[in-house]
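Here you get one chain, nothing else, as structure tokens; it is the form predicted on its own.
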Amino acid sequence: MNAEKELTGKIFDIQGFSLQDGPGIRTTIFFKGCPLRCPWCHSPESQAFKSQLSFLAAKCVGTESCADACVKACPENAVEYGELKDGVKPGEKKQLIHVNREKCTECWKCADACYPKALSKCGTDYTLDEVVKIALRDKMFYEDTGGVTLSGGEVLSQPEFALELLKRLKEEGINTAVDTTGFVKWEVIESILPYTDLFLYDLKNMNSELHKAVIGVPCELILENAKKIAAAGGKLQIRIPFIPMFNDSEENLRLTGQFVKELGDAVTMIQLLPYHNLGSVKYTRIMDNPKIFEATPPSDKKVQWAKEILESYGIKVGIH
């Protein structure tokens, strides 16, 4: 009889000493895979549920320096010669590569051969023991308010691994937070409630039709789950990505403020997350010719205006 396969989760990054994913100093575990398709997503590598080949041109030393190692390693001839870029010395050129995504079978042989790690595997399968061991290295920094945050992607799209990881973390006496879109069956959220100290909960738009047109899913389930978490005694830190032309109207802000107010004492605060385009460069690492959302980031004056509207509902608001 075959031994039962060990439970694993697909993770694309683990960041220590994180100060932006919940209270205190935290270790953030980034899960791969998300059912939403936010055009402004600053972590496009989080969206696909499978591992992906990533190419970071800035790390490429040029095929002349590595003896064409990645080109030779690919059995499908998917690693091709690409652009010529300026080298370090005046007049010097270096030959970059291009990944033919249609030919690539994601065998990772090119990434294994790439010593500067310009080519890498985005999305690694970790066991529970491996993740817990990494989290425990930083336990001395967590103090009273810090801990571990599970983020994504959508953490709860890997529900079994998320649940067992949260259980293990609580056994170690570690504070836990779950960063979620809320677009998941209630039964999944209900299962993790006893092991989750705080939900970092995204609210993007109160208009379900617009929500679906832009992001790909309606918002009724998201709103309903927020109400259920509050009713069940869970704690919520509401996160609002403040996106030009999408949710920056006074009407939407007031609808959001009223909804959050109705959640009562379950809400610890609102985090307003002004749009920026710093993540746009990530798209070309994992795909060709990506469609990238571009807009002018909101001014400090407009962000302050939005903050004051939300605060008028008696809610603490921070700008992230």
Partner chain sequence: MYQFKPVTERIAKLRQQVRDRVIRITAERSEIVTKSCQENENVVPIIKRPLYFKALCEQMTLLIQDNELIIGNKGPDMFASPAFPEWGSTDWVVKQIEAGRWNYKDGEYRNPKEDGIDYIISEKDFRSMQSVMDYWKDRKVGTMADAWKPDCYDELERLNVSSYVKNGPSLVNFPAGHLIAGYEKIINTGYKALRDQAQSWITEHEGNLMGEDVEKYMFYKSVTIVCDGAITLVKRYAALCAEQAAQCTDPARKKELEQMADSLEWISENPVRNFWEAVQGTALYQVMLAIMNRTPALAIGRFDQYTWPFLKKDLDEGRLTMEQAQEIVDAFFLKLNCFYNAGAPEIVKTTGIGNTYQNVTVGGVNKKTGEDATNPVTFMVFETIGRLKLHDPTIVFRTNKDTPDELWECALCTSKQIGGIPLYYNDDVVIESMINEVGYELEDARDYGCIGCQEIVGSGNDYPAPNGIHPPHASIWWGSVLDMAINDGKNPYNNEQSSLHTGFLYDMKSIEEVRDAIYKMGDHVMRLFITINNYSEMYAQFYAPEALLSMSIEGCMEKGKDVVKGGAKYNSYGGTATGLATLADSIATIKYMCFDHDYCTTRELYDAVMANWEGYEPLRQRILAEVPHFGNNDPYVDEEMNWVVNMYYDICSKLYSTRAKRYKAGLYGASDHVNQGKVTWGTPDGRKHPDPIADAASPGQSRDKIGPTGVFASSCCYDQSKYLGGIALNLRMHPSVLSNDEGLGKLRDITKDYFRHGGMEVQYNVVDTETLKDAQRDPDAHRDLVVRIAGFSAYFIELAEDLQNDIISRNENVI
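Here the structure is a predicted model, which is why all the values come from computation and not from measurement. Positions refer to the first chain, counted from 1.
Unshown form predicted together with the partner chain; subsequent notes refer to it.
Scanning Asp129, Glu224, Asp86, Glu143 against the partner chain in the model of the complex with a 4.5 Å heavy atom cut-off leaves one residue, Glu143. Taken together, the three residues Pro23, Val61 and His320 all come within 4.5 Å of the partner chain in the model of the complex, as judged by their closest heavy atom. Stretch 110 to 118 is the contacting one of 155 to 163, 198 to 206, 110 to 118, 240 to 248, since its residues have non-hydrogen atoms within 4.5 Å of the partner chain in the model of the complex. None of the heavy atoms of Asp125 is located within 4.5 Å of the partner chain in the model of the complex. Looking at Arg137, you'd find a heavy atom of it within 4.5 angstroms of the partner chain in the model of the complex. Residue contact check for Ala67: one or more of its heavy atoms lie within 4.5 Å of the partner chain in the model of the complex.
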